[in-house]
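Next up: just one chain, as structure tokens, the form predicted on its own.
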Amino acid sequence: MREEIIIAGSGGQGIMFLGNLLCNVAVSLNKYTTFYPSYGAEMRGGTANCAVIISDDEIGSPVIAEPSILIIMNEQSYNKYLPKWLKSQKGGLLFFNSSLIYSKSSGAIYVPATEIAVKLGDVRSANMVMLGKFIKETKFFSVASVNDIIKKVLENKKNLLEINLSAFTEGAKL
């Protein structure tokens, strides 16, 4: 297994948290992983993306030239990353937040992540809805192992734990 994942959206959408959770789950299952964050000039509302590599073998560089998976949370990131992915891609998975991406791309998995997060009571949990759907579709990790890591990472933030677990569970049901 070697997956090269680009996660992109705007600041405040939990892009880095989502990438970090994937890395934490990978490490807990004895996989090699890298996390390479990139922030725009602004924090909340500016661009944010991260590159995550998960592998059974050692990883030489955290830089991703041709991602195997894109997880895109907003239209601006869609416009930035999809053309590069389509130009270089030989196949892979696309996950788009259909609540904020209005363009359509053949073969993509559209997830109403923001809409579901709002219904659950916290728009900031859209990233966890997307993570749930990602785990369900890829089966890279079990739902239980991701739940365990969410609980561990948020154990000192009880106010965030419940909403994030609920959002993840809703995404995994899609």
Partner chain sequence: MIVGKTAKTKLSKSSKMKNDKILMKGNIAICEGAIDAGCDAYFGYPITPQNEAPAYMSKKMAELGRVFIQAESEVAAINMVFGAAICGKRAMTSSSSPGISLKQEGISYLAGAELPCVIVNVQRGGPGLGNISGSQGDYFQATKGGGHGDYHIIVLAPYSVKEMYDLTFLAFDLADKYRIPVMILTDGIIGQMMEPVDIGRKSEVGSRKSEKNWKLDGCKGREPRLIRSLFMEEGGLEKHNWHLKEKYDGIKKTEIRYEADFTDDAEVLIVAFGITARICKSAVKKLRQEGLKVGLIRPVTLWPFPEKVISEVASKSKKILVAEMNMGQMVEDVKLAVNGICPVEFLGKPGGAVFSEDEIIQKIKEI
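Residue numbers count along the first chain shown, from 1. Note that this is a predicted model, so its numbers are computed, not measured.
Only in words, not in the display: the form predicted in complex with the partner chain, which the text now covers.
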Q. Is every one of Y78, L86 and I109 within 4.5 Å of the partner chain in the predicted bound form, counting heavy atoms?
A. no
Q: Quick one: find which of 101 to 109, 32 to 40, 119 to 127, 140 to 148 has residues within 4.5 Å of the partner chain in the predicted bound form by heavy atom distance.
A: 32 to 40
Q | Contact label in the predicted bound form: L161 to the partner chain, heavy atom within 4.5 Å | A | no
Q) Could you tell me if S166 has a non-hydrogen atom within 4.5 Å of the partner chain in the predicted bound form? A) no
Q. Closest heavy atom of L154 to the partner chain in the predicted bound form, within 4.5 Å or not?
A. no
Q) Is there a heavy atom of G60 no more than 4.5 Å from a heavy atom of the partner chain in the predicted bound form? A) yes
